[in-house]
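The chain below stands alone, shown as C-alpha cells; this is the form predicted on its own.
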C-alpha cells in the first residue's frame, strides 16, 4: 500500500509539472496580446506564480472541489466521473468493457509496475533510482564547491543580509543562497574597473531581490526527482533565461546606464579566463558558464540578452488588481486541471451503473450461441 501511494504521488507530481508548463505557455501567449508583452519582469512574475501554484495545486484542487460541492451537491470536477457520466448519457459510442478498461489504464500500469518479477518495471525503477543518485551526487558536489569557494575568498563587505566576497579563483560574479544569508562572490580583478564593479553588484543584488537565488536552489533540489521529465527542463530553462533578462531590464533602469555600456561589461566578463566554478550551479551568475560543452548554449543566451537590451523600454507599473487577476486565473486553471486528474475517492453512483452495464455486456457475450 505504501509503495502504491508513493508511486501515485510521484505520477501526480510529474503530471502537475507538465500541466504547469502547458498553462505557462498559454498564459505567455495571452501576455503577448496585452501591455506586458515587452517586459520580462511580467514573464518572471508569471513563472514565479506558476511555481507557487504548482506547489499548492493539491490544496487548491481540494478547496475548489469542496466549494463546488457546497454550491452544487453531487457535482464533481473529477475527469473520470465526468467521462463516465458522459458515457452513460450516450456521448461515447464504444462497448462498456472497452471504456472501463480505458478508465483503468493507469491502475493497470501501476499494478504491472509494482508486480514482483516484472523486468520492464525493474529496469525503469533502476533507471529512475540510478539517475536520482547521480543527480544527488551532482548536487552534493555543487554544495561542496560553494562552501569551498566561499572559504577560498575573503569577506569584503556586508550589506544587510548579503555577504560580499572577493576571490582570486572565480572569473564571473555570482550570487548564491545560503542557509541564513545570501552570498555574492566577485573576482578580485573587478575592483580595478569601477564601472564593472557597479554593474556586477547591481546585477547580483537584483537577482537576490527578485528571489532568483532561492528559486534556483529550489529547482536544483527538485532535479533528482524530475531529471527525466522534459517539463522540468523546460521550466528550469525558462526561469534561467527570464531571470537574466528581467534582471538586465531592472539594472538598466536603476543605474541609468546605456545598453551598450552594459553589454560591453558582459562581454568583458565572458572574455576572462577561468570560467565559472561548479558552485554556480546552485546560484545565478552575471553571465552563463562558457566552458566546454556549454559554450554554444551560453553564446545563444548572450545573443538573446543583447537583443533584449536593444529593445528595453521603461518598465511600466502593473496594476495590483490586474496582477492579482492573472494569478487568480492561473491558480484556478491549474486547480481545475489537477482536480480532474485526481482519482475518485470512492465508487460513485455513475461508476456503479457503469459496472452494471459491463456485467450485462459480459453476460450477454456468454449467452450468445
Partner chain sequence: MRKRRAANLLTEVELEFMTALWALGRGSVRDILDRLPEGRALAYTSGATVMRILDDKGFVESTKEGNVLVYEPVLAKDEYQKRSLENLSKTLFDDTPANLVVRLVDDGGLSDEELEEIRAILNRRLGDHDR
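Positions refer to the first chain, counted from 1. The model shown is predicted, which means the values in this text are computed figures rather than measured ones.
The same protein also exists as the form predicted together with its partner chain; that form is not shown, yet it is the one meant from here on.
Novice: Based on heavy atom distances of 4.5 Å or less, which listed stretch (129-137, 191-199, 222-230, 172-180) is in contact with its partner chain in the predicted complex?
Specialist: The contacting stretch is 191-199.
Novice: Report the residue, out of 161, 152, 108, 118, that has at least one non-hydrogen atom within 4.5 angstroms of its partner chain in the predicted complex.
Specialist: Going through each option in turn, the one that passes is 152.
Novice: Just to be sure I understand the contacts: of 104, 253, 168, 261, which is the one whose heavy atoms reach within 4.5 angstroms of its partner chain in the predicted complex?
Specialist: None of the other options qualify; the answer is 168.
Novice: Though only this chain appears here, would residue 156 touch its partner chain in the predicted complex if you measure heavy atom gaps against 4.5 Å?
Specialist: It does: once its partner chain is placed as it appears in the predicted complex, residue 156 has a heavy atom within 4.5 Å of it.
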